[in-house]
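A lone chain, given as structure tokens: the form predicted alone.
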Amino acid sequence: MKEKDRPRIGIMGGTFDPIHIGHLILGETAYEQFDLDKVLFMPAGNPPHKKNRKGRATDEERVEMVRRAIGGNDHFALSLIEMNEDGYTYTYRTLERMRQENAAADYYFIIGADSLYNFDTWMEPGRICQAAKIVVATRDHTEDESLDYEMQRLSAKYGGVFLKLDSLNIDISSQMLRTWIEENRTIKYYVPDCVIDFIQGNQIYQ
């Protein structure tokens, strides 16, 4: 463990359907900027906001894609804590469970700027703030006044710590990549080759 008083663990949640270089770059940037010990990639098993998963990868396929994508990075790890069979997963429950299992660590929950503006609508935002620091990905190192204001507002409202992640704006979405695959367009360089091989070998999204 590094010479810090408490281990620092980053959390990258998402459906990862499929995982792409934007996810990986965010994880690596957070690892460096906040001196994290590890970044957990945490596929969501049954997210409340994405109930209809027709035409998507299965849970097992998404897990395997994440496993392949992060395999060459010693400080990236796969967490299956949100892969369950009996209901929806909520961030506050996941974070509180992790704190119960390892109270000695500090958790850094990584979200995009879009999620920040929807944070009030999340289930139990105050409990999320008590369980983890919130790391917000910014766009192209720009000082966005509205983003700063929203971070300050939420911090005051929920007593949370909101931190700005100086990340590049990687304009990629999993939905865009799924559409490209359906249209037989290449996704090379947007997705790791090992993941592309898995998608093609299993005819996912086609």
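These numbers come from a predicted model, not from an experiment. Numbers follow the displayed sequence, beginning with 1.
A second form of this protein, the form predicted in complex with adenosine-5'-triphosphate (ATP), is not displayed here; the remarks below concern that form.
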Proximity of F198 to adenosine-5'-triphosphate (ATP) in the predicted bound form, heavy atoms at 4.5 Å: no
Non-hydrogen atom contact S115 with adenosine-5'-triphosphate (ATP) in the predicted bound form at 4.5 angstroms: yes
Distance check, I111 to adenosine-5'-triphosphate (ATP) in the predicted bound form, heavy atom within 4.5 Å: yes
T138: touches adenosine-5'-triphosphate (ATP) in the predicted bound form, heavy atom cutoff 4.5 angstroms: yes
Among 150-158, 171-179, 63-71, 31-39, the region lying within 4.5 Å of adenosine-5'-triphosphate (ATP) in the predicted bound form by heavy atom distance: 171-179
Non-hydrogen atom within 4.5 Å of adenosine-5'-triphosphate (ATP) in the predicted bound form for each of F119, I128 and K133: no
